[in-house]
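You are given structure tokens for the same protein chain in two forms, set apart as structure 1 and structure 2.
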Structure 1
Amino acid sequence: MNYTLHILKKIRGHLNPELYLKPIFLLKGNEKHDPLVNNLTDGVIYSLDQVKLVIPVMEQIYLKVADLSFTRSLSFEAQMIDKILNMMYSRDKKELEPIPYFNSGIGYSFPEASINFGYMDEWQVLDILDIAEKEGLFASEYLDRIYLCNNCSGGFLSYREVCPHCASTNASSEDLIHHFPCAFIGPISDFKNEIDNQLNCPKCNKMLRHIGVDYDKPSIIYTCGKCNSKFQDISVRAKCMMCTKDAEVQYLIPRDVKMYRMTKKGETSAQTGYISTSKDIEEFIGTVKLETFKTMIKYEIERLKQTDYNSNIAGIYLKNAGELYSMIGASSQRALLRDLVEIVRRNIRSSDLITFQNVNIVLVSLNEIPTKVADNILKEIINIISRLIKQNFKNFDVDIRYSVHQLNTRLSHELQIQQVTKDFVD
């Protein structure tokens, strides 16, 4: 089974979709199968004579794969999300459910995601799925909470009770005795004698006969075998078996484990190719975050209600950008997007805003100018961008579109932003 899993990891963990999306069927033996193996194969046959029975399954997978567009993602996180979406879509799988797995670095495995990571790095799966959820590609449902090492994020932890003074695990416990008649409290060893099994109070020398009548046991006291200190509140520490870091449990990293369900946006992203996360395109100098852009448009609409000025919102759409990005690679993608931002920034005022809705659509605010002037500005920007791409990528015919809308004080900012991007779809 170790060999089977090794081969599966080589195939499913590969970066080439022509390899990692291939149908894989298991020729079943008598051994109990690894749950990760069961989740990463497409079926089981019991003899080679049954190969013809799985042909319809293979055909269905290849039909789904034909729907996918493969692009080079901007970042590692986007690349992993794209792989997860491709695997799920091609297998017509809607849910990504964690399975308890003893060979996982975090105790749970998300098969389509975890296959891309080694034991020490598997914690990154949680970060990537969080990003995918924030991007709207998945909806989630809480299942469990785990605690990871605060040094290496490993989940293989050994929890131990230790001395609060020297952190030694060599501590022994015994009951505390409270003698009612004389109110003496001490460890049970102080009440024992060497002659018989009876308990005698070391203070008043009376025999303790009945618990609840003569005495009770209100607590436990610990004695450290290393530093000989006595204490009642023992500390709990967690030792990481991966990096050997020993930490108090209060400093461990809590992480939620969720079940994920692919959304309609996730299905669409699988078909069109998932290129980038919002984090990837928030780093370009001269731009603002999409949420900031939306807020400023909202304020501009409110300001226009008190003035006679015209303000506009515009969109630039690189329709076939996915083909170009796939051809030029991630580093050239970033360089091209930086150049695009610089071109737009040079042709608008410093008070106007630029943001990326995604790596295909740039939104621009053009305030206090007539819509006709804004339209001419966008035409000039499009011409410059087109010339730039044609000069640098001679074998590529770029398809750039734009849309300009005058801000309407009677409509919400969200609706007007949606209308700009809707023009490109229509």
Structure 2
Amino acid sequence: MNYTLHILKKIRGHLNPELYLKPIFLLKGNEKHDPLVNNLTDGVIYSLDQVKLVIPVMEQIYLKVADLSFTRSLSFEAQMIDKILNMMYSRDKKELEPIPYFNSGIGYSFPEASINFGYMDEWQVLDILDIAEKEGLFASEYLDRIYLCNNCSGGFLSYREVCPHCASTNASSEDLIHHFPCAFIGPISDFKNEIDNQLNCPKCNKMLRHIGVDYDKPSIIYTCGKCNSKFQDISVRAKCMMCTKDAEVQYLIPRDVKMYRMTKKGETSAQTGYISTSKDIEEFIGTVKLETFKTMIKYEIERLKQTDYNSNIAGIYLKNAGELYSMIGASSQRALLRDLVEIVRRNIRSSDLITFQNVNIVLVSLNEIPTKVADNILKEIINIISRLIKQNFKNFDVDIRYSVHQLNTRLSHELQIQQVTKDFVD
């Protein structure tokens, strides 16, 4: 690895935004730089006199950086996504394009993403970008497909033809010859002799004269030099040059290589800070998945049409959660969210559901109680949460809000859930 790339990796691969977002310019001699270096620097100057030329570029970058808010993410994946979004946003880059790159462990490099990984781990970039796409932060366009080792996910594979019985590469092929007049058919060695270059049929002793007239070569046959078996259908295996595992090609892991384009949601997430993926918050005990919650609300509306109960949904919004999360580590964040869920759980009935809309918004269903009562319950919950945060985080003044809506049988569940969240947008 060249020195420039090494330095670049140190900076761009760092986890601290103060460092990794720094504008970097190349002071270029004659040497040709590698594509990753070109992609991760902000410009080139040819002498130090030209520094003033890049000042506007730097100003532009810092202007964009000022839009960003830096939070601590709940998981490694979220942290990586946050980083990629920040890098792209600050450089006003909308597209993350894979470049074919021989120094990449998977053959393709996504510069802003791949720089965070070592050669052996680079395949993780594909997983992370997949998650980001699923979360709606990126839209993708198919470009290519690669195959990875099924043992170590490495992409440096050597494909060879091998014996299907013992997987040895030591196989040689021979033409088969069909002698028309007598219908004999066998490998060409059957027809050879030690005296001259003529080919003679072992069955009828005639000399072969003219291909297509008295004989032809209908196919070939392989002989394995190791196990001595014969076969026509030679196997293809891929040997991983990273972990040395030799696998049949059908067991390799196919992965799509896509070009990613940042969505509106991606830009917003860069600005607000990307804290967690849906997977990160789905697994909290006492909560259900957002999709499940939506379905249950839908059924509840159906049920209400036939009874005269009153049911409600409520939302709790931690407006400055990002600020709070950036103060604490991932494990404390998790602890906080766990406590939060527990407080809500203790104050509602066991048949009611809790879900995370995102890391800032918790949705709660409150069935078969008057809206007024529901409102009181929420008020109580908010009080407890505020107190808890104040106690634990050095008098941090949390901005926490809530809203309660009576379920309306004439409106769709989707719309009513949207209304709850809408209340929180200023």
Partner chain sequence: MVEFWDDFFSYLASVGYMKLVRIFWFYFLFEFFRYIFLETLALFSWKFKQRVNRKALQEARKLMWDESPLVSIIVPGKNEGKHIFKLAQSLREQTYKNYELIIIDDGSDDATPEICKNLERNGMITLFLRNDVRGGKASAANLGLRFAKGKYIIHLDADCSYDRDAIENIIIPFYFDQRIGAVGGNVMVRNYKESLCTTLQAIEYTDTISVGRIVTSHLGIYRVISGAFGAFRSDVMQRIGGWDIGPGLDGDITVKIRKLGYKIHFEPLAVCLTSVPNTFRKLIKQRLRWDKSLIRFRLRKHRDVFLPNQSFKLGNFVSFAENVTYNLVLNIFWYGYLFDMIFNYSSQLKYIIIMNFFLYTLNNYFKFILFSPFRERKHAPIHYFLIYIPLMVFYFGYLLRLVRSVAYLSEIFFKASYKDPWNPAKTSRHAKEMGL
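If you're wondering where the values come from, they're calculated on a predicted model, not measured in any experiment. Residues are numbered by position in structure 1's sequence, first residue being 1. In this text, the rigid core denotes the largest set of C-alpha atoms whose superposition between the two forms falls within 1.5 Å.
Between the two displayed forms of this chain, it is structure 2 that matches the form predicted in complex with its partner chain. Between rigid parts that reorient between structure 1 and structure 2, a hinge sits in the chain, and the option from P111, D190, I221, D127 at that spot is I221.
Comparing forms between structure 1 and structure 2, one finds the smaller rigid domain rotated against the larger by 8 degrees. On a core-based overlay, I195 has a Cα shift of 4.0 Å between structure 1 and structure 2.
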